[in-house]
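Single chain ahead, by itself, as C-alpha cells, in the form predicted alone.
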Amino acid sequence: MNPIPLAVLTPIAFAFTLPLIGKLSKSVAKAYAVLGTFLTMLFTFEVFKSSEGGPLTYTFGGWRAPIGIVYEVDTMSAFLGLVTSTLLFLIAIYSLEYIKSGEVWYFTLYLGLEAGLIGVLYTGDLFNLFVMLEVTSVAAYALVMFNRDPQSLRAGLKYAFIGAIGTTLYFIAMGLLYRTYGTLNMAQLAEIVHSSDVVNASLAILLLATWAFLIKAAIFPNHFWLPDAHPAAPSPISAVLSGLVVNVGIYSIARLYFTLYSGLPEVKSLGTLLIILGAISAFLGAIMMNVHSDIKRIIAYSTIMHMGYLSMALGIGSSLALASAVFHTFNHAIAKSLLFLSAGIMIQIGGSRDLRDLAGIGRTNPLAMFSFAVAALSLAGIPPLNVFSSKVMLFTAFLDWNPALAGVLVVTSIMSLVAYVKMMRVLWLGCGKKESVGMPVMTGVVVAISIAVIVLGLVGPWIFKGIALPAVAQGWESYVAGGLGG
C-alpha cells in the first residue's frame, strides 16, 4: 500500500476531529493529539523506506497531472519528512506538560501545522505547494499569538503581514509559470524547462519565488520578523518554528533551483545573490546573539545565522554543497529544537526570558542545563556533537568554492560559541534562582533528544554518505522519470 496519503491525511484528520474529542475530555484530547503525531511519524517512516529505490508518487483521486494533485517523494523530501514528524511527535509529548490551558485549540493548530509541513515536503505540484505553505503559515501565525498577550499579538501580526507578502510574491511567480508552460506539476515543468528554449520568463519567476522563500527562511533582509515571532510563541512552538518551519523556505528554493531549473544560467546568477545574503545573515545572526539578554531572542538569532549557512550552500549548488545543506538542515533541526525546549524548562521555572532573571537556575535543574549545554555546544560546532559533522561538510564545500566563505563559517561559529558560553556561565554560575521544579515529561524529552544529538554526532559520517549524498545524486532526471512514469 502506498503510504503517502496516510502520512499526508493523518494529521489533517486528527486536526479536524480533535475539537469533537475535546468535548469529551481534555486529557483524552491530548492523548489523541499525540497519537496523531505518532501515527504520522510511522507513516513518514514507511514513505522513507519506500522511496529508497526512487521517487514515490501518489495521485489523489486518480486525476493525472496537470489536472490532479500529485504527490512525489524522493529521498530528500522523505528524509526531511521523517525528521519533521519525529521531532513533532517528541515536541507534542513535551507540550503535554507545558500547555496548561487551551489544550484543544493548541493541539488542533499543532496538527494543522504538521499537515502543512508534510504537505510542503511531499507535494509534486506548485499550486499545492502554495496551499500547503498557507496551511503551515496560518497555523504558525495563530500559534505565535497563542498566549494572547500584547507582545505575542504584535509579533504574530507582524509575522502574518510579512508572510502574506511572501505568499503573494510566490502566487505571482506561479501565475507566470502557468502562463509560460501551461502546467504547475513539478515533474512536467522540469521536463519542459530542460527540453525547451522558452525560458524568457525564468529569471522573473525565479526572482519572485526566491524572494518569497527567503522571507519564509528569514534570510537577510527578510529576517526581521523572526526575532520577534519565535520568542513570543510558547517554547515548544518556538522549537517547531526555528527547527522546522524555517526549513520550508530552504527546501522550496532547493526544489525550485535543482529540480525545476537545475543547471540553467538563471540559477547560477541568483546563486551569487543567495551566497551574499547568506553570508550577511550569518554575520548578522552571530553579532546579534552577543548583544541581547533575552534567551529566546538569542536562540532566534542563531537560527538566522544557520539559515545563512544553508543559503550559502544552495548558492554554491555543487553536489557536496547540496548534500551538506540537507545534512545540516537535519542536524540543525534537532539541536535547535533541543535548545528551545531546554530553555523553555528554565523559563517556565524562572518566569522570565531575561538571562539576568535566570542566573543560577541551571545548578538546581541539572538535566535541563545538561540538555541546554549539549544543544548549545552542538550548534557552535563542538565535536563530537551532531552539528559538528555537518559544519565540517559545509566548511569543505565552502572551501572548494571560495576560502572566504569557509572563513565566514569559522568566524561566525566562534562568535556564536562566545554567546553560548556567556549564556551557560550565567545559567550555571550566576547568583540568583535556586528553585528546582519537577517537570518529568518535559525533562525526559530533552534528555532523550540530548542523547540523540550525541549519538548522531558519532554516526554523522554514515548519515551523510548513506542518505544526504544519495538524496542529492537522484537529480532532476530521476524526479521527472518518477513523476511522469518514465
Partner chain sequence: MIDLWGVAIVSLVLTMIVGIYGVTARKDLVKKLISLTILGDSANAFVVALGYRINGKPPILPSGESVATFAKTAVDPLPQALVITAVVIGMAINVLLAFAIIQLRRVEA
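Positions refer to the first chain, counted from 1. A quick note: this is a predicted structure, and the numbers were derived from the prediction, not measured.
Below, we turn to the form predicted in complex with its partner chain, even though it does not appear here.
Per the 4.5 Å heavy atom criterion, its partner chain in the predicted complex is contacted by stretch 152 to 160, the sole one of 331 to 339, 152 to 160, 378 to 386, 88 to 96. In the predicted complex, its partner chain sits beyond 4.5 Å of every heavy atom of A404.
R148 belongs to the set of residues with a heavy atom inside 4.5 Å of its partner chain in the predicted complex. Contact annotation for L270: none of its heavy atoms lies within 4.5 Å of its partner chain in the predicted complex. Among heavy atoms of Y181, none comes within 4.5 Å of its partner chain in the predicted complex. A heavy atom within 4.5 Å of its partner chain in the predicted complex is found for one listed residue only; from G263, G351, G175, P366, this is G175.
None of A359, V392, A142, L284 but one reaches within 4.5 angstroms of its partner chain in the predicted complex through a heavy atom, and that residue is A142.
With contact defined as any non-hydrogen atom lying within 4.5 angstroms of its partner chain in the predicted complex, the contacting residues in 102 to 136 are F127, F130, V131, E134, given in sequence order.
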